[in-house]
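Consider the single chain below, provided in structure tokens and representing the form predicted alone.
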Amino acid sequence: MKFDTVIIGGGLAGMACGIRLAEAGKRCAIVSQGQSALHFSSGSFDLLGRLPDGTRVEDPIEGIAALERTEPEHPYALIGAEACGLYADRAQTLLREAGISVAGSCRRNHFRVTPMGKAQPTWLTIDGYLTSESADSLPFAKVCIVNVEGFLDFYPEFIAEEFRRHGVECRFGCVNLPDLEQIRRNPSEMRSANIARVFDHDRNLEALAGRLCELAEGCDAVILPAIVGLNRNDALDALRSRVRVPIYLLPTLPPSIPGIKAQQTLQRRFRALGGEYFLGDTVVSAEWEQGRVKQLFTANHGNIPFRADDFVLASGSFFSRGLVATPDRIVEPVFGADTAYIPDRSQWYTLRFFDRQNYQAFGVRTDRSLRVLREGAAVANLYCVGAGLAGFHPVQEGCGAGVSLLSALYAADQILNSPRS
């Protein structure tokens, strides 16, 4: 099989890179093992929330300029602050054109509300999810926090505790329907995606709207876990048209509806542009020719190779086995790429869960064009994007989604602007 570009990994970075290349007329294939980290999404996309020293960032592009001076190996520093601003705007357009309606600005963080009710700085938030312009205020004074009976991945008491710190009066409501009984019998089935499928049906969505009307009485707003809209885009609008006060969604513990829906939406966009998506397949080896990647072999296709002019490594970090930790080193398993890590394993992590963990910054080494380094030399037709890159702490810095989107678009432009193209 011959393509212009083959991308390994179908998460946020792989999909964004594939969409950008397909929009430019390239014939692209994505090889994806399966579930990506997008399924853990909170409904928001972070660009930069904090600097490495813990300083909170208000203007992400200004923060990236500071990173460029102090953290030269950070993916944002490799791309450059000015280019990051350009690609941030392009990423927002890409998401919207794919069908993911988001709000936000790369020049000013707003605040998303986490599943535990805490405010965290972010760049873009999917429409319908609760946000605030300040970490210390919320857009209502009295709210009803609603849950589905028996749903354990949503915590109204914790949310109310945080809301009350900001002077919000909270009360609780509960929803139950006959069609929920079947999944409630098995606690492992009582998950947001299964509940959302129940509310995909008109009669159940109508019943939910009726119950929310009752619970909204005397309140400024209703808080609902993200349990609607998995397979229908009008679910939240339908509820809002029936209930007289604003309805805000809060993300639940994974798997999350906004993440699953974002993944599905990006896949549809990629395929609509002519991209080929090979789900449930794993790249097992690469064949080289004169220092370049010639073709790939996968578990499902056996001796049938994937040939391309360019290849993009978007296979992620440890979670998706894009990186593998052995007792003494960090390995990129497909290409044998050079990796950045601390030789002393005792320094890889601390036992304090919320500490800044060194292993999170381990990853694939690249040049400034994001071309993968192998034995110290850049591979001319192999790029790395997303979570597998070295030099950044996605959790502590609040930059995981931003690195994925911006590095994907930057690498796509390197491919489109190369002499081969």
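Numbers follow the displayed sequence, beginning with 1. Remember, predicted model here, so these are calculated numbers, not experimental data.
Beyond the structure shown, there is the form predicted together with a small molecule, which is absent from this document and is the topic of what follows.
At a distance of at most 4.5 angstroms from the small molecule in the predicted complex, all three residues 10, 42 and 281 contribute at least one non-hydrogen atom. Looking at residue 314, you'd find a heavy atom of it within 4.5 angstroms of the small molecule in the predicted complex. The small molecule in the predicted complex comes within 4.5 Å of no heavy atom belonging to residue 212.
At the 4.5 Å threshold, heavy atoms of residue 396 stay clear of the small molecule in the predicted complex, well away from it. Remark: residue 320 counts among the residues lining the small molecule in the predicted complex, judged by a heavy atom distance of 4.5 Å or less. Partner contact region in the predicted complex: 382-390, out of 382-390, 351-359, 61-69, 367-375, criterion any non-hydrogen atom within 4.5 Å of the small molecule.
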